[in-house]
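Next up: a single chain in structure tokens, the form predicted on its own.
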């Protein structure tokens, strides 16, 4: 089994996370998938940014939910990372999907709605994926179990993943009971029994965020379906070595 290499917020170790340069680099490196984070602006435009507040990754301050799309596009989302990326803008989900549409990539769209439960974000993202005919190779994920339940209606058309950072009862049973058809877990939770339990349910198991070769080795050995990594080039190179010596 080939564990899929998914670029976490793009090639985010060498370019500003969740921006077009990071996505383009990841694609050029040969990543098989790209993971992005989605929040909603005040005027309900889905945009790609991890934090609810723009302070860490832009030259602005304040919450995405309080800003219009026009305000968001005026922010510099690259200079914080390096001068090379000065002037890089926050990307809308639509812009990203237009770019990804004709590429051989799987997409993981993480809804950042565990702190701010954005109204209708599930439907907005689903309908945009449907519009660009990208449902078949996409997964929508969230830490918010209520959000997963709201996506039950989508589960036969698109991947719906529950995200988990700590063990809480039977994760596979919990995920399935609320309507998830995939499970994404923090690397500390990974073990072969969990992978087997997921696969017995026909549920892909993907692991985040894996940057060291030691953790990559553990994920490949356990036959996880995918890993999220900030260094897709490193992961692809190591997977070749691992498969050669397996």
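This is a predicted model, so every value here is computed, not measured. Numbering follows the first chain given and starts at 1.
Below, we turn to the form predicted together with a small molecule, even though it does not appear here.
Only one listed stretch (83-91, 166-174, 128-136, 106-114) carries heavy atoms within 4.5 Å of the small molecule in the predicted bound form, and that stretch is 106-114. Within 4.5 Å of some heavy atom of the small molecule in the predicted bound form lies at least one heavy atom of residue 50. The shortest heavy atom separation between residue 228 and the small molecule in the predicted bound form is within 4.5 Å.
Contact between residue 143 and the small molecule in the predicted bound form is found at the 4.5 Å heavy atom cutoff. Remark: residue 37 counts among the residues lining the small molecule in the predicted bound form, judged by a heavy atom distance of 4.5 Å or less.
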